[in-house]
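The chain below stands alone and is given in C-alpha cells; this is the form predicted alone.
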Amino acid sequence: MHISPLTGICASSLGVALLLIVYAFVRGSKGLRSYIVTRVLLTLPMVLILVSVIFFVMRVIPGDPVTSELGPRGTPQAKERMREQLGLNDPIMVQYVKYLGRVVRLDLGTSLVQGNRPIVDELSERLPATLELVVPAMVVAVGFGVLSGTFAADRRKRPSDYGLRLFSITVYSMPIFWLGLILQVIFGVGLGIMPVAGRIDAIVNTTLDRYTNLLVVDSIITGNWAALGSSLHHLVLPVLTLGLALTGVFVRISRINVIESLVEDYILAARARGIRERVVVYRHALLNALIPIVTLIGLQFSVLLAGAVLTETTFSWPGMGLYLVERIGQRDYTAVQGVITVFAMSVAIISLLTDIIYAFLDPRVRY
C-alpha cells in the first residue's frame, strides 16, 4: 500500500509524541503524569480553535473560489452550478460540521481549484520542502544563537559582547523578506555564487528519483551526488535567511541565562577547584541555562513556520508557505484549511513535547 509523504511524516511525528508520553508515564512521577494529562487535554481545544478560526475567516473575507476559478467571464449559471458541486451553497454550519468530521478522520478534502486534487497529495509535495528548509534553519538559529550568547556572556561588557548584542537586535528587528532580498542581491546577483530561487537545478532534477520528496535524503539514498550538491547549494540562502532571523532571540536569552548561572555558588565552587574557565562556562553554566532555552525552542517553532511563509515566497521555494499564499489568493478554502490544520497540529505537538521535556529537566514545573 502506497503511503504519502504527508501521512508518513504525520504518523512519525505522532509516534514520537506517543512514545515520549508513554515513557513519561512509565518513568515519571505522579505529578508528571498529571501534568502530561493536563497538557494533552489543553492541546485538543487549541487545535480545534485554530482550525475553526481559519474556517470562518476564509468565508468572511471577500471573494470565493468559484470567481477565482471561472474568472469574470463565467456565466451566472456556471458559477451557481460550480457552487452547488463544491457544497458552498450549504448553510455555513453544515459546511463547518462536515469540515470537522473530515479533520477528525484526517481527511483534508480536495482542492476547490486547479483540477480538484486531494489536499493530502498536494501537501505531500510541499511539506517535505518546508521541512527541508525549517529543520536546518532551526539548527542554525539554535546552534549559532546559543553559542554566541554564551560567548557574549563569558565576555560581558567587552567589545565582542556589545557587538553580538547589536547583531542580535539587528537581525531580530530585520524583516525576513528584506533580509532574503539583501542576500539574493549580494550573493546571487552581485557575486553570482548562489542560486536565488528553487530547490534544485532543473537539469539535475530530471535525474533524481524521488521517494520522500526530501531532495537531500533522496539524493543520498539514490547516490545521486550531483543532485545532492545542487540541493544543498539551493538551501544555503533560504536557510541563512530564516535561521539568522531567529538567531537574535536565542543570542539574547542564552546570554541572560548564562550570566545568571555564572554567579551561582556551584560556579564559584568550580572555579575554586581550579576547573578551566572554558569548562565552567560551556559545560556547567550553559547546561543549567538550557532549561528556559528548551522552552523557547518550542515557542519559536510557530514563529519559524510564519517565517517560512515569507522565506519561501521570497526564494520561490515550493513549500507549504508558498502554497498557502497561492491558495489564499485563489480563495481555495479547502487548501488553506488543510495547510493551517497541518501547521496547527505541528505547533501543538511540538509545544506538547517541549513541555514534557521541560518537565523532565525542571521538576518544579510539575509540582
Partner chain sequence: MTSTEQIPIEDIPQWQKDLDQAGFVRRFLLGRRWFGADWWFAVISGVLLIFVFSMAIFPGLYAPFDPRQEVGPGQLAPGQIPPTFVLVGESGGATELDDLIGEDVRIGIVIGSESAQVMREVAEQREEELKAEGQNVMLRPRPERYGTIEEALEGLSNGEVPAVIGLKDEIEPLLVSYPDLVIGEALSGNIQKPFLLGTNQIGQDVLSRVIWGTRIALLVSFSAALFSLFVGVPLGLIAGFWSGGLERVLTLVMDSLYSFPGLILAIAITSVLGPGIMNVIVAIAVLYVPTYYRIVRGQTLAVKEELYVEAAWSLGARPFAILTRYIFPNVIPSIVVIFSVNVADAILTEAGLSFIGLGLPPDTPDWGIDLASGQNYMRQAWWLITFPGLMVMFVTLGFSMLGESLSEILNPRLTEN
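Rigid core here is just the name for the largest C-alpha set that superposes within 1.5 Å across the two forms. What you see is a predicted model; the values in this text were computed from it and never measured. Numbering follows the first chain given and starts at 1.
Below, we refer to the form predicted together with its partner chain, which is not included among the displayed structures.
The single contact residue among Gln184, Ser148, Ser124, Asn224, judged by any heavy atom lying within 4.5 Å of its partner chain in the predicted complex, is Gln184. Residue Met174 is the only one of Met174, Val139, Ile220, Ala78 with a heavy atom lying within 4.5 Å of its partner chain in the predicted complex. In the predicted complex, none of the heavy atoms of Ile21 sits within 4.5 Å of a heavy atom of its partner chain.
Interface membership of Thr334, defined by any non-hydrogen atom within 4.5 Å of its partner chain in the predicted complex, is ruled out. Not displayed here, its partner chain is approached by Ile259 to within 4.5 Å at the level of heavy atoms in the predicted complex. Contact annotation for Val204: none of its heavy atoms lies within 4.5 Å of its partner chain in the predicted complex. Highlighted residues Leu50, Leu166 and Leu299: every one comes within 4.5 Å of its partner chain in the predicted complex, counting any heavy atom. Shown here without its partner chain, the chain has Arg252, Arg255, Ile256 in 236-257 lying with a heavy atom within 4.5 Å of that partner in the predicted complex. Core-superposed comparison between this form and the one not shown: the Cα of Val309 travels less than 2 Å. In this overlay on the rigid core, Leu48 has a C-alpha that sits 2 Å or more away from its partner position between this form and the one not shown.
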